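One chain is shown next in structure tokens, namely the form predicted on its own.
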């Protein structure tokens, strides 16, 4: 059986955009996760949500993997972007949209 670090590493490397969150994209279980989901959905970016509440080893493991103490955590093309505040600030400044463009990830932003 793979350990948490291997599972997390596989998710990060096999998905262009992955969000480690509390709950699911359809039913976020915390406000911070919900905010990041709203941003990604608004931008129309395809992403995978990983519910850390389903597995305590993943919940702690993602914090160790990124050396970041909080959830949610957003990864783009294998690179840790940040949590809710950083993601929101980047979105508001247009930097998140530019990051997706630079990484070749299509954005279908709502008008």
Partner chain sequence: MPMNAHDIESMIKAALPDAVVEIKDLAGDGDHYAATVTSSAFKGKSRVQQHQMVYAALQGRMGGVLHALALTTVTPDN
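Residue numbers count along the first chain shown, from 1. What you see is a predicted model; the values in this text were computed from it and never measured.
This protein has a second form, the form predicted together with the partner chain, left out of what is shown; the following refers to that one.
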| item | value |
| --- | --- |
| Residue contact check: residue 95 to the partner chain in the model of the complex, 4.5 Å heavy atom | yes |
| Residue 90, heavy atom within 4.5 angstroms of the partner chain in the model of the complex | yes |
| Distance check, residue 67 to the partner chain in the model of the complex, heavy atom within 4.5 Å | yes |
| Partner proximity in the model of the complex: residue 82 to the partner chain, non-hydrogen atom cutoff 4.5 Å | yes |
| Every residue of 32, 63 and 86 near the partner chain in the model of the complex, heavy atom within 4.5 Å | yes |
